[in-house]
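Just the one chain here, the form predicted alone, laid out as C-alpha cells.
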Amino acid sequence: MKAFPKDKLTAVLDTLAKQATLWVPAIVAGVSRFAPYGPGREVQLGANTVMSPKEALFPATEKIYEYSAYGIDGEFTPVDPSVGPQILFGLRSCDMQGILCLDDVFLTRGYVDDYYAKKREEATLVTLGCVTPGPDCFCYAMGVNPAEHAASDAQLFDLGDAYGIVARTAKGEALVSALETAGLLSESDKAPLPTGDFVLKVDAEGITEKLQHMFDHPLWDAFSRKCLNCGACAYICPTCHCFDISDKKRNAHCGIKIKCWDTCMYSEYALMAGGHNPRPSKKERVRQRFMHKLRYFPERYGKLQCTGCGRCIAKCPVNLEITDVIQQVREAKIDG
C-alpha cells in the first residue's frame, strides 16, 4: 500500500489543490463542514463534519438561468453547470453512501439533472476509513462499511502515524500518481487501524417491509407531537435533496432563476397553487420524512436513504431520533 506520513498532510493537500478545487473537512465560521482548501484553512480529519459534503455537488443555492422580458419578447440564458474539477478529500463512508443516493435521484430513472451531473462527472471522491465511531454513528446498521467504501475513487486508511491510500478508479489513479510525482508517497506494509465499537445500537432488518403496513399507524401522531418541523435534520443530512425554484428579479424586465434547498418538513413545501396541502399537519410531514428514508427510497432505488451518519440525532433540538423511530416501528403491533 502507498502511504504518506501524517505530518506531510499539508504538503499532500497543497499538491492536490494544484490539480483541482479541493474540498476538505474544516471549521468555517464555527461550524465543521467541507469547504474549499486554501491558506490558513485548518483541516479536521479526526471526526466527521456537522454539515454534509453534499453542497459540493448539490449547492444550497444555485443559479440555473437568467431571463429577460420586454413586451412579448423574452430571452433565456442558461448557466454553465460546470465548476471545473473538484476533489472531495476525507469523505466518510456514510457520506460516500449519501452521494450514491443523490446519484440515484439526479442521474437515474429517466431524469438527469445537468447541474448535478456535471459536478459529479468532474469530481474525484477520496474516502477516509473510520477508526473511532462517534456516539451518534450507526452506519453499520444501514449496510455501510465504516472502514472503507468500494464506490470511492480513492480510499484513505489510518495507519497510526501515516495515511495509506489505495486508488479504485482511473480518477483515483491520477490522484495517487500526482502525489507520487511530488515524492510524497512511499510503500507501507502497515495494516489499517481497526474500527472501534459502535456505542449506538439499532437493528433495521425488515424495516421497509414493516413500514409498508404502517401508513395509518398511531405512532405517527406520537412522533409528530415531539417534532418542531424546524428542518435542521434535512439541511445537515447527506441524502436529503428537496429543492425549490425561485426568482430573483433585478428589475421589472430581467432576473435569475435559483435552485435552493428546501425540505418536506416545512408546511409550504407541499402547498399547491390552489391552496390545497396534502401534508397539512406535522403528522403527515414527519411521516413523509421517515417513510421516505426507510420505505419509499428503498422501494424505488434498492437502498436505504439513511446512511447512519448520526447528524440528525446529534442536532435535533427535541431528540426525535431516527434510531428510536426504527426501534419503535419494529416493536409496533399491526392489526390483522
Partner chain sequence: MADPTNHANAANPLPVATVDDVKRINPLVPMKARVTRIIEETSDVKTFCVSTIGEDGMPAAPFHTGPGQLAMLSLPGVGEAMFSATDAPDHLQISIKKVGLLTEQLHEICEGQTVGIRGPYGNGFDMEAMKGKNVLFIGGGIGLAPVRSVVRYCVDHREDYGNLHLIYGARTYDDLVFKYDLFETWPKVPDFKVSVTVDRGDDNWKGNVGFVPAFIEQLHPSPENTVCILCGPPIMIKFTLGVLDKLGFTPENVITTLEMRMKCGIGKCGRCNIGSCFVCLDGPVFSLAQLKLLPNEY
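Positions refer to the first chain, counted from 1. Remember, predicted model here, so these are calculated numbers, not experimental data.
Missing here is the form predicted in complex with the partner chain; even so, the following discussion is about that form.
Contact with the partner chain, judged by heavy atoms within 4.5 Å in the predicted complex, is confined among 172-180, 90-98, 159-167, 111-119 to 111-119. Although the partner is absent here, His241 lies within 4.5 Å of the partner chain in the predicted complex, judged by heavy atoms. Although the partner is absent here, Ala270 is a contact residue: one of its heavy atoms lies within 4.5 angstroms of the partner chain in the predicted complex. In the predicted complex, Leu45 stays away from the partner chain, with no heavy atom inside 4.5 Å. Although the partner is absent here, Gly38 sits far enough away that none of its heavy atoms falls within 4.5 Å of the partner chain in the predicted complex.
Taking a 4.5 Å heavy atom cutoff to the partner chain in the predicted complex, the contacting residues in 57-76 are Ile64, Tyr65, Tyr67, Ser68, Ala69, Gly71, Ile72, Asp73, Gly74, Glu75, Phe76.
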